[in-house]
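So this first bit is one chain, no partners, the form predicted on its own, shown in structure tokens.
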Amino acid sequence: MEKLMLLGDEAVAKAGMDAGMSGIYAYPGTPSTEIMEYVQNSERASAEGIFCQWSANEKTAMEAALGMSYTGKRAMVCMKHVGLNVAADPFMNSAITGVNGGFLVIVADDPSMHSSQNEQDSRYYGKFAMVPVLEPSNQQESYDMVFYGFELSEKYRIPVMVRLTTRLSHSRSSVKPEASREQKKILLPSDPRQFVLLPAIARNRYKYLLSVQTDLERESEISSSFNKLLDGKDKSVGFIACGLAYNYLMEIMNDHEMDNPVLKISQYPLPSEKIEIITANCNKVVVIEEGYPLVEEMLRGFPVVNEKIEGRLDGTLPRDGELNPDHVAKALGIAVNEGPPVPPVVKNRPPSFCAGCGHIDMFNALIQAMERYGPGRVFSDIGCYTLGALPPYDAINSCVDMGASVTMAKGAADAGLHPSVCVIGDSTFTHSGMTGLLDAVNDISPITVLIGDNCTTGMTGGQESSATGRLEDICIGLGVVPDHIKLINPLKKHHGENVDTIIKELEYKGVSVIIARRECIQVTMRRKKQEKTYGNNRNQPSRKI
């Protein structure tokens, strides 16, 4: 078949459709967002009835995908690494319940924190849950592993994780697709109690999970085409390269005509026999892996001398950040031509709000309203509005995780801080802010919740927000007194009345919600461009923005 130039994310998405996937669930998070968007923008997905809507958060996405798997159909759930923290409860338990239809958990890690709060390595979650983990080294493997992963999932009736990283997700390469498979028919589990984790059932399910571990290792050792042991004449050093890091190693070895043993690992559990061969036959082994030193740590439990193992733990490779070929070359003692340092010709340009962003006027009103109280009283979390922490605003005092603004403001108010304010976006609010608001309502905590409602999920590119048109009703349903749900329009001409509204609500001795509603300027521009191009034509492309 004709080759396609695809991002790693797009290769996963196309493979899902080609492999007979019936549904994909996700919450947008860089570098995983393009997987869902590729499916949503595909006419084929609509024609074949592939479910492809954004979920409120990663936990609900994981649970919905598991529900589709329950029916015997193939399902995929996608998220970034910190999203797996949100979905950890159903992820861990899905390993115990097992699956019915093929179930893939696609997690995109972000080494070097290009757009994330941390560098965490999702392979640890896979090891923790005792499920297979597939780690592609290129776009073709990203595609192929989806087919293989669905089959592996259905063979052992357990979830399979596919771990991507930023550089693979967001780079393009040629991919040769396979012939498409048909979607599965509905076929409910043969055991009607499989998914009922009462203790007696869960104990038996856990025993099953333990019983297949040897089989899963044999899959990595013998059946997998993704783990390869390549021999070499120079046994002074051998290399174990995982996923994308294998490409970096090959680049250096080819450039310098090196002939050393290499073990490529792209499927876990680790292939212990291959590891024992390379460690026994080489004077030392350098482990090259993106993220945390998971393999390096595990190797120290194998029957080899610890001094043979080098990698990120001993400083041979940098302990943090994203790897690249220069890092690998330095680890091998190869000189790297880095060139002179770049002179400070261009002044640093920190990120800033888009011109015309409603968050600007929202923060300006909040700053003026808070002047009489002093600093250190505004909590926030993840979203475009986090830029309010930077000059010239310096308006927020925390950014821990999604939803933490509400709960941290509650805790500070419970401790006696007044006023205690949180700033949260509309999409983040429905992702993980609602439960915190319910706690605050139940305890009558005196907090002011400022929701920046830009009617989209702005930070990740303008996906549809679950909250659009529903915020007031949600807050009322959670128990906020309707008289203390205020709507403001964050425009300069309304600045005075917006400040007055905020000041009044700051003094309310209960839970107050202020919704600053103004459509994201980027969404507005895209919408107007579409309207200019298509007019009122109802048959225009159904691209979600």
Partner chain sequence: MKTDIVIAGVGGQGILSIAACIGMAAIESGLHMKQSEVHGMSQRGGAVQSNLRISDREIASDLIPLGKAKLVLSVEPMESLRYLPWLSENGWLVTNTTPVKNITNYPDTEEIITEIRSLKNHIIVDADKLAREIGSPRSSNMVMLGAATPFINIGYDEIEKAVKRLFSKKGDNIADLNLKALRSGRSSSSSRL
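Numbering follows the first chain given and starts at 1. Bear in mind the structure is a predicted one, so any value in this text is a computation, not a measurement.
Note that the form predicted in complex with its partner chain isn't included here; everything after this is about it.
- Although the partner is absent here, residue 333 lies well away from its partner chain in the model of the complex, with no heavy atom inside 4.5 Å.
- Heavy atoms of residue 199 never reach within 4.5 Å of its partner chain in the model of the complex, leaving it off the interface.
- Among heavy atoms of residue 41, none comes within 4.5 Å of its partner chain in the model of the complex.
- Its partner chain in the model of the complex comes within 4.5 Å of a heavy atom belonging to residue 387.
- Listed residues 374, 192, 416, 341 were compared with its partner chain in the model of the complex; 341 is the one with a heavy atom within 4.5 Å.
- Proximity to its partner chain in the model of the complex, taken as a non-hydrogen atom within 4.5 angstroms, holds for one residue of 250, 438, 313, 298, which is 250.
- The three residues 167, 351 and 354 all sit with a heavy atom within 4.5 Å of its partner chain in the model of the complex.
- Partner contact region in the model of the complex: 454 to 462, out of 469 to 477, 454 to 462, 265 to 273, 358 to 366, criterion any non-hydrogen atom within 4.5 Å of its partner chain.
- Residues of 6 to 39 that come within 4.5 Å of its partner chain in the model of the complex, judged by any heavy atom, are 7, 30, 34 in sequence order.
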